[in-house]
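Quick heads-up: it's one chain on its own, the form predicted alone, in structure tokens.
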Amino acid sequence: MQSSNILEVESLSVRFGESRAKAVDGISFGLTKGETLGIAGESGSGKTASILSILGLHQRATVEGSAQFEGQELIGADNKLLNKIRGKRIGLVLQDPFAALDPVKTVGHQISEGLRASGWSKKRAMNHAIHLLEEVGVPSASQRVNAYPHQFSGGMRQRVVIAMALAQDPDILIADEPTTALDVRIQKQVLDLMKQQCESRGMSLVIITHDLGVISNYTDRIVIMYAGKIVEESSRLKLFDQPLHPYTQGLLDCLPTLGHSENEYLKTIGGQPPIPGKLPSGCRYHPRCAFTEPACTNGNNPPLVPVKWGRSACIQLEKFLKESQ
């Protein structure tokens, strides 16, 4: 971990309710100021649980480890401290914009609500809400500021949610599957918007997704999660050019490519992710991996170690790199 990291996560584990099974199991990563980080993996890999638990947004979760924002410990912090950070220092864009908005309040009221709670006058807060709507590309912002969420399209609702997240000029913007409910054209618009806003404001951006294609042009670095563990961390360019784990290669193989034959089926990763509490011995990915050797199936899950240009948890890395070229 670098001391320059604005967010440092160390040995983070998360479990829910009375279960002993860990949805997130001892992950560590850092985020520097102004950096864009992608966190990718299949549904249930622990990527959303890890980020929301850092912010204290999983009330039934037992969270262990450390997550420091500018040196301030978030794990175990009380709501008084977290309320000073959530929204104000760390903004959050959720995957379902309609669920993220209150249907009986105008979008202007919702964007300006946090500002008014911080002491802004109603007029000043509303004027800033109009400015933010203009900034995120909502047309006729001075009129639409008085509209309700159901009066916006899905793409425009997501722009409103982004405006809400940007309202208090946070240091980090976290986007959890921000384009899931949007068509491809609107997906690009929303991702372009978030990236541009973070660059112009000097903010760090974290994009959580199950689709590597979504973040292929928007991240500096990517973390790959599987069954609650980080299995690879690499720069975006290196990860797409030469992944360091068979699971990452599997995710990349699932992406459609130009020139795809209409008679050719898209590739899939065989099998299913393991159920928390019923994890296989050894590498958690070995039942689905084409590079499995006997050493992969025994003992504990292999650790994430520095290799090449990133980090990998594959103990057959040399074999994988040789045979995958």
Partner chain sequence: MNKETAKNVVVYIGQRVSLTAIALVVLSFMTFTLGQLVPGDAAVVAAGPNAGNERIAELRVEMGLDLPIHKQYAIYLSKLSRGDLGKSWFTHQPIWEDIKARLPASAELVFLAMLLNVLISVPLGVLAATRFDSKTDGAIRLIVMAGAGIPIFWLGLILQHYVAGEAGWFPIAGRVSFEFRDFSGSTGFLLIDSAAQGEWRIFWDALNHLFLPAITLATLFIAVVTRTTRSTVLRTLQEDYVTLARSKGISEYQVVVRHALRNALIPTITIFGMQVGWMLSTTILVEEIFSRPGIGKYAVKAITQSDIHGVVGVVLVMGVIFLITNLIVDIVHLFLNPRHRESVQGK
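Numbering follows the first chain given and starts at 1. Treat the numbers as computed from the prediction; the structure is a model and nothing was measured.
Another form exists, predicted together with the partner chain; not displayed. Remarks below refer to it.
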- Using a 4.5 Å cut on heavy atoms, which of L94, M126, L212, M156 is close to the partner chain in the predicted bound form? L94
- Which residue, H131, K195, K88, K238, has a heavy atom that falls within 4.5 Å of the partner chain in the predicted bound form? K88
- Query: Using heavy atoms and a 4.5 Å limit, would one call S142 a contact residue for the partner chain in the predicted bound form?
  - Reply: no
- Task: Answer yes if any heavy atom of V104 is within 4.5 Å of a heavy atom of the partner chain in the predicted bound form; otherwise answer no.
- Result: yes
- Message: Does any part of Q151 reach within 4.5 Å of the partner chain in the predicted bound form? Heavy atoms only, please.
- Response: yes
- Contact test in the predicted bound form: R60 vs the partner chain, heavy atoms, 4.5 Å: yes
- Whether A99, H109 and Q168 all lie within 4.5 angstroms of the partner chain in the predicted bound form by heavy atom: yes
- Partner-proximal stretch of 204-212, 242-250, 225-233, 159-167 relative to the partner chain in the predicted bound form, 4.5 angstroms, heavy atom: 159-167
- Near the partner chain in the predicted bound form, with a heavy atom at 4.5 Å or closer, the residues from 113-139 are E113, G114, A117
